[in-house]
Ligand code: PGA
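Read the single chain below, which is given as structure tokens and is the form predicted on its own.
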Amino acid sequence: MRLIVAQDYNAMSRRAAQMVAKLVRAKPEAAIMVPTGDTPRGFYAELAAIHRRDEFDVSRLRVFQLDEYLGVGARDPNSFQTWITRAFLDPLGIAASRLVRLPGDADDAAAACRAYDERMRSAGGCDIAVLGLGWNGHLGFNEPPADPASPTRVVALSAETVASNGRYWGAGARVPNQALTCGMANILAARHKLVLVSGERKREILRRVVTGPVSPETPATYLKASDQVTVLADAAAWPWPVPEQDKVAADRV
């Protein structure tokens, strides 16, 4: 695991965009997994800006949705597919047909999850997994305790996760308490893992991930035993000196 600490959110977003653009230039047909939420917004905007300047090829990218609420259709304004389309696909000019969905409105959610894993296998696995860090260390919606070999599946969301996500739904809205999530097996097998972490509220969980033991109670700690992992944080999320550990290389930018 490599920890990179940027001076602020904008610097973190620029560095993330530069890293992903470099990987896509090297492999235009890459399979990329993308998250939703507040943290990646700046990264997506910076990546779109790089694309506008030098037009790296996105026509062959295969985009995999990281997670989706169960029972929420693609056209629902609160769906993650709507979010990905608005924040990632459209600004980069990526055709909607290049998105591998996790269909929250599928008649058979379990079968849809198996089909997603088959699409991932057919793509040769994930080349680039861009991830956020959940308040309890979850990746995607792999809530603790998490099995590192778990497949894509339907999961129950913790009460804390539901409450945290409520801010996106508006006052009085009923937030789903189940979701479809890409499994830990696919995430950990990705050839490049980039975890974006921003803000003071992520300080303690980030410190637990970086300095604590590998544990199913903090799913993101599994990344420490995986190859090609970069945790890119801003100084608000990591205000301390960079650590010196056997499994963590660190620097500031």
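Remember, predicted model here, so these are calculated numbers, not experimental data. Residue indices: 1-based, along the sequence shown.
A second form of this protein, the form predicted together with 2-phosphoglycolic acid (PGA), is not displayed here; the remarks below concern that form.
Report task. Using heavy atoms only and a 4.5 Å cut-off, determine which of 202, 62, 224, 51 is in contact with 2-phosphoglycolic acid (PGA) in the predicted complex. Result -> Comparing distances to 2-phosphoglycolic acid (PGA) in the predicted complex, the residue within 4.5 Å is 202.
Query raised in the report: Heavy atom within 4.5 Å of 2-phosphoglycolic acid (PGA) in the predicted complex: which of 102, 133, 146, 179?
Result: Checking each option against 2-phosphoglycolic acid (PGA) in the predicted complex, the one that comes within 4.5 Å is 133.
Requested in this report: Using heavy atoms and a 4.5 Å cut-off, decide whether 37, 40 and 138 all contact 2-phosphoglycolic acid (PGA) in the predicted complex.
Outcome: Checked in the predicted complex: all three residues contact 2-phosphoglycolic acid (PGA).
Report task. Would you point out which of 94-102, 162-170, 110-118, 69-77 contains residues with a non-hydrogen atom within 4.5 Å of 2-phosphoglycolic acid (PGA) in the predicted complex? Result -> One stretch meets the cut-off, namely 162-170.
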